[in-house]
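The form predicted alone is given below as one chain in structure tokens.
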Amino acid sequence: MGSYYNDHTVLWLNGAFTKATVAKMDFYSQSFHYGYAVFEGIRSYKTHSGETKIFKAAEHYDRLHQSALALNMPYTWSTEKLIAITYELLQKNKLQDAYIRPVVYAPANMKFDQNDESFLVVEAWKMEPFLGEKLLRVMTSSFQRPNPKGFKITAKATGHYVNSILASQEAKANGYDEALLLDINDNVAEAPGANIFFEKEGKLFTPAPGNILPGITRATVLELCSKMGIPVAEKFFSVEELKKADAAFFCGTAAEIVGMESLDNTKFPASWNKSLSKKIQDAYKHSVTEKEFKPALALV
């Protein structure tokens, strides 16, 4: 069971709440055999007022819907219903600071034919920092981000994450904390489960869409930059350009915002605590917990 569930944990499965220990799925599912499923990673937080708030719940469930449509998976659930179910799930499991994982999966089908139904499970568990809280030592992976002509690259599909697992395992086996993947053109793409930004001379940069999963946390960082008056640009760039950055960070729902110490043992020179990136990290923490944050003071 690990840290994800115990004898008391409840999940929502195909229309009903049930104990995680007795929930079942079909071992002849296309999802189990072929990695044909879509999912979301969502976070809830105990807010400054003490209430439980799912961060950007509608955006996540809307993307789940779009991912399912992109993969030709039937989808019959409304975002509003799923948000209500998720709040009830958190309450049943007595969770506030939690990670929420809905998965749309396929029925039994050993062929590659399109299905006429899909199934849905929603799980939640207490979430510790996904990549830790220290600055990360990162290595450029030997694995590339998948060719966007080979996949629906903006769909959050389970099978895509074999690539992520291989890259992350490779980095950790070589003594690093995490990997950085390039795209098919050798431009910087993203981390195994997060987007990347770098800071240079008072401006932020992030890979342009096309070969990345443009994440909801990435969009949140762009919003925060706008509010705080921090210039930001989306563009394609090389590893060599990234290594000349003042600072850099990964961002994602699970990772939140976590700074990078180095890339391929090249250290970023800026003091993290004095960087614009740290200010973005602080603003993000205020945003998810609904604690008042004054952008006008952010650059002081």
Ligand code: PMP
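Numbers for residues come from their place in the sequence shown, where the first is 1. Just so it is clear, the model here is predicted, and its values are computed rather than measured.
Another form, the form predicted in complex with the named molecule, is not on view; read the next lines as being about it.
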Full three-residue contact with the named molecule in the predicted complex, heavy atom 4.5 Å, for L180, P207 and K243: no
A124, V138, A191, L82 - the one with a heavy atom within 4.5 Å of the named molecule in the predicted complex: A191
Of M73, L213, A167, C225, the one that lies within 4.5 Å of the named molecule in the predicted complex (heavy atoms): L213
R63: touches the named molecule in the predicted complex, heavy atom cutoff 4.5 angstroms: yes
4.5 angstroms heavy atom contact with the named molecule in the predicted complex for A247: no
Interface membership of C251, the named molecule in the predicted complex, 4.5 Å heavy atom rule: yes
Partner proximity in the predicted complex: Y161 to the named molecule, non-hydrogen atom cutoff 4.5 Å: yes
Interface stretch in the predicted complex with the named molecule - options 73-81, 87-95, 106-114, 191-199, non-hydrogen atom within 4.5 Å: 191-199
